[in-house]
Ligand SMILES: Nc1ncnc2c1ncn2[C@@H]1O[C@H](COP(=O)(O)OP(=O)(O)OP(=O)(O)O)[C@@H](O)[C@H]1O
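One chain comes next, on its own, written as structure tokens: the form predicted alone.
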Amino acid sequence: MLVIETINLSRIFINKKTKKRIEALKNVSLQIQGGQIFGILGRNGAGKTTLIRILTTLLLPTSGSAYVLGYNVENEYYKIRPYINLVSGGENPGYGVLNIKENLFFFSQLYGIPRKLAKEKINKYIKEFGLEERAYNLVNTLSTGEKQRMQLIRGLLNDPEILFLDEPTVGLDVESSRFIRQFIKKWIEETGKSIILTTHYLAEAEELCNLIAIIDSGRILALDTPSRLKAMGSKEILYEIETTPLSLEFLKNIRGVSIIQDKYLDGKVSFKISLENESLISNVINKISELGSNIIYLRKKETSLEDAFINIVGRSIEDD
């Protein structure tokens, strides 16, 4: 089932001071099937949040169309909102003078959930999210990780068909990030519903997403599975090798082999080589043996999602 469709979706902002037009989204066309985690991967400022805000009916497009569960975000937003929810990273999760339970109950009533059912859901999720001992603590006393767990509970209270997660692990410690990733995978497996995830964490996108759209400067530059995107990375054949003492001069005499880097430390030699074709690695191994050195380890460097991102976008995801 198609849960989201955008057709030439664009959004332009006007800088009030300079009057300069900022194209946050440029002719974005997507078709997203349900029952999966769909990732939108891009650098800060690439257009991820603008796209999410339009799909969650918080922002109107400048041109083009967007449909969520078959409804138009511009004039059928009231039909969309009961079936979606949005959790953003780094946001204030509620009112600091209320405790976790009070905040969650307040939001449940905004969503129109019957009081008894709301309390049952809140108790269930508080236990599942490991917040039982903190349930009566004021929100402004919680850690960042605890606040984000509460945010995620709030996003689940209305049983959304589509859960939008905008940078859900930004600024979190390793343990909290791992918990949220594990819960996301479990929720999808158990419910068969849909998650739209924006992130600039490559490892997070690769671990969680069935499909990833790479966005930069408001345009979708690539859309595929993580494994197929990685295949778009560097075409170089790279090997990392460590040996006992050895002069690397011999590599200059093997046509099609280039040294990328080398390091001599504690009687060992570590080096990385690039090959024009895979068969050349046997020549390198044989020559090392002939020279009386032993191979400590040899590893082919596989193409990463970062390699693919750089190849597609032209710069690292961390570049300013």
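Everything numeric in this text was worked out from a predicted model, so none of it was measured. Position 1 is the first residue in the sequence shown; the rest follow in order.
Keep in mind the form predicted in complex with the ligand is missing from the figure; the text below concerns it.
Give me the residue from Gly35, Gly45, Gly64, Gly256 that has a heavy atom within 4.5 Å of the ligand in the model of the complex. That would be Gly45.
Does the ligand come within 4.5 Å of a heavy atom in each of Phe13, Ala24 and Thr50 in the model of the complex? The answer is yes: all three residues contact the partner (heavy atom, 4.5 Å cut-off).
Glu167: touches the ligand in the model of the complex, heavy atom cutoff 4.5 angstroms: Result yes; Glu167 sits at the interface with the ligand in the model of the complex.
Which among 289 to 297, 36 to 44, 266 to 274, 65 to 73 is in contact with the ligand in the model of the complex, heavy atoms within 4.5 angstroms? Stretch with heavy atoms near the partner: 36 to 44.
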